Each structure stands twice: as structure tokens, then as C-alpha cells.
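Coming up is one lone chain in C-alpha cells, specifically the form predicted on its own.
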């Protein structure tokens, strides 16, 4: 046995986040860990990596009890982790971030050998077929690039247990395949992997066994080959059933028109589409297609070089986030921790953040109204929280994402720009977000939806806009479309682009 926990428990106040959990990880196995948001997965990981101290129970490593487990001791044992919220220093470049916690290479007595350190990073990148700008500060990297930095850092030392917490969130299919190849290589070397994901297809594709947590308690550990999706979901949830896109909605007048739009940085080169009342329009493309950048250019986070945006029949030229909100357009950002939430503030302060003006009276904030409106959103979205004054960073990832939506809904938007809105949330929360967006579309609102999960797009959107290297190549109705057909449009756009060069 590589790792074993016995009766592991963790309390926050009087509430158990983890209660009497017994987990066993075998040498060289890929072990899945699943459960809804708030099930205790992150708490368990933080105990195993020494971030949290356990209140009860034992942790055994290779048969011996570990009494003092802290981050340094955990890494010395051979445990490496990639967290869902990416632990990088924004001002450091990739090489500097990779070497966090590692000894620097030196020349002579004190001089840091940056050339040798860069070479070591490049060797791993070459082994894993990873492409990454090494001199760019982490704050300017995309979320997938940040994940790749974490993967490289984890590979800098020979680990016995690799913990991956939602590692494929926002990764392209190619990047995901690279990661999966790496995981299988680790298994062949005898390294164990604890794989945490809400994407069930990944769990079934990779793992040997699966442990299910619910409400902080262990439900079961099963052989992957002996359970199907319905059986696994039944263990995770109570009375839950997924609903797919079944019927078309009646669309109304044109709401948003994007015509030949290009951004100053040329991430978006020539994008065009029209979306109407009651329509969910999906923007899909391969890695580097410019999906996120297109939404940011429309919203005003990224400067445009040419082209036009027409909102409700009026040309919208000098776009800024503040002006977009005033005009009824909100952006659900891919990076909720970096751009959508202030984690150190309360649920209440985050929810009213975009609409503060409406709560000010003669320079004094109307606290009662803030509380009333926040409590209304908590009930409407079923946000699991101790109350309006709980700090957001204490919430699970799915409930944090619901706070992002609560903030957006208070602005009463007519256009939702959603960039990976279900990233890192559990099955139930994912479906709740889908149903929320469907409901808004049925009310006549407009939704522009971006996801790296093609099956999710097929389940949700009415129309596909295919983006290739910042250019619109196809607009296709989602009528009996298959994933193969969508990908063929993506690759066709790539071939057309190459043939024009």
C-alpha cells in the first residue's frame, strides 16, 4: 500500500468538511476521486499535501504513519499536486514558477544558472510535446498555459503520488491528450495518480478504481470496470437526472451583431456572427482559435482594431466593461478567481459588486437591500453558504461559480457572454447552470456560450460558430450535429487557412 488514510476527519467550526474517511491508494494505480462540489475532495487533497492539519485519524505512507505532514514534508515523501486554482506567482515567468520550492541551479558559489534551469524546463517540455512561452510573466498566460506550467513543475522531481485536481479544465483536446499520455507514462513507471475530475468520461477513460465522496463522507470505492455512468452518478447524488437539449426555442429579433471584428493584438482577426433573442449561440474552435479573446473584445476588455459590434440595433464603438454592463451585456469570465470574484470579500459584497450604484443613497450604502437581494439570489441559485457574510474563498468551486452568476443576474442583462461557465463544477451544478441559461433564453435573453467540452456544446447550443485562428469559418445550426462533424468543420477551416498562405 502506498497511501492509506484511516478515520480521517477535518472540521471547520462545528461542521465536518471530512468525516471518518478511509482511503487506500495502491502503487502504480490511477485512482479517481469524485463527488459533488462540497463533497470534501479539496479538503482531502489539502490534508494529504499538508496544507490542512487533520483533526482526527491517521495518514500512512508505505505502511508507516506520518505524524507531521506539511507541504515540504509531503513533497519529500514524493507527493506532487496540481491544484484546480493554479498556484503560480503572477509576476514570475514560467521557469521561475517551475522552480518554486526547488533548489536553483548555480554557477560557482552564489550565481544562479538561469541557462541551465531553462534547459531543464525545455527538456521536459520536449519530452511532453508542450509548447509554452518561457519568458512571459504568468499573469499574461492563458489558463491552459498556466496548467501546463504546473505539470512541468510536477515533473521536475521523481514523485510516487501525483495528485491532479481538475487538470483538464480549459485544456484543448490536444493538450488533454498530452496530459493523458503523461499520466499513462507515470503509471508505467509505477507512479500512482490520484485523479480528481467532474468530467466522468475522463474518470472512466483513465482510472483503475474510483472513490466516491458525498457530504464529506466516503460512500464507496469501486473498480472502474464494474460501474457505469448511471451507477456512479447514483452514488454521488440523490435523485439527479441530466436533461439534454431537447427542443428548439423560438428566436426573436437580432440582439447582437459582430461584423469583421479584429483585436489590436490580432488574437481575433476576422470574426462575424449574429445572435437573436432566445438563442444560445456557441463559439467553438481548436486551441489558439481565439474564443476567449473574441468574447473579451466584444465586451471591451480587449481593444479592437477594426470591425463593428451592434447591440440592440445601435453601433457599440467605445466598448468598456462598465459601458457593456450599462447596456445590458455581462461577461462570465473563464478565470473566476482572477477576474470574476474577490475571494477575500463576502458573498454579499461579491454579488452586489457590479451594481453598487443602485444601493447608494446620498453616499450611504443600503445594507438591508444588499442583504435582501443577495439572499434572493442565494435561494434562486441554491448557493450552499452559511450566509451572506461568508467569505467567498470558503465556498466550493461550484458555489463560487453560482456567486458569479448571481452577480451577473443582479445586473439584469439581456446578453450573457459565457466563457467556460461550467469549468471545475460538479455534474449537478453543471446541469443547474445549463438550465439557468436555457431559462434565460426562454425569457428572450441572448446567450453566447464558449466551452472546450464539445459534448457540452452539443447539449446546450442552438447554433455553432466555428472559429479558426481568430477567424469565423463556418456558422452551423445544431440540428443532429455530431462531434465528428463539428471537428471536421474546425479542421476544414484550418486547411482552408493553410491553403491561402
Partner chain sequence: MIKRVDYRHITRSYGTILAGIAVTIVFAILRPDAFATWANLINITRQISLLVIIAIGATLVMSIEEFDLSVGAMASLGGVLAAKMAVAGFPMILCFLLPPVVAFTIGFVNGWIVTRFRVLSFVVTLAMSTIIGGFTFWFTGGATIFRDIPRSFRYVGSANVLGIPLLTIIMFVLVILFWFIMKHTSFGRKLYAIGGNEVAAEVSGLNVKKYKILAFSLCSALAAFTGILMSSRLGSAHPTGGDGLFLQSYAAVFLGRTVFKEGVPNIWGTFVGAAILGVLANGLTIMQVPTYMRDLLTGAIIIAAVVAQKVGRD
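The structure displayed is predicted, hence computed values, not measured ones. We call the rigid core whatever largest set of C-alpha positions still superposes within 1.5 Å between the two forms. Residue numbers count along the first chain shown, from 1.
Here the subject shifts to the form predicted in complex with the partner chain, a form of this protein not shown in this document.
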property: Selected contact from 337, 209, 386, 214, since only one has a non-hydrogen atom within 4.5 angstroms of the partner chain in the predicted bound form; result: 337
property: Contact residue in the predicted bound form, from 118, 83, 187, 260 (heavy atom within 4.5 Å of the partner chain); result: 83
property: Candidate stretches 161-169, 427-435, 340-348, 222-230 - the one whose heavy atoms come within 4.5 Å of the partner chain in the predicted bound form; result: 340-348
property: Three-residue site 123, 395 and 439 fully in contact with the partner chain in the predicted bound form at 4.5 Å by heavy atom; result: no
property: Residue 273 within 4.5 Å of the partner chain in the predicted bound form, heavy atoms; result: no
property: Partner proximity in the predicted bound form: residue 177 to the partner chain, non-hydrogen atom cutoff 4.5 Å; result: no
property: Non-hydrogen atom contact residue 253 with the partner chain in the predicted bound form at 4.5 angstroms; result: no
property: Distance check, residue 51 to the partner chain in the predicted bound form, heavy atom within 4.5 Å; result: yes
property: Any residue of 288-306 that, in the predicted bound form, places a heavy atom within 4.5 Å of the partner chain; result: 299, 301, 303
property: CA of residue 181, rigid core aligned, shift of 2 Å or more between this form and the one not shown; result: no
property: Threshold 2 Å Cα movement between this form and the one not shown for residue 230, core superposed; result: no
property: Shift of residue 158 between this form and the one not shown at or above 2 Å (CA, core fit); result: no
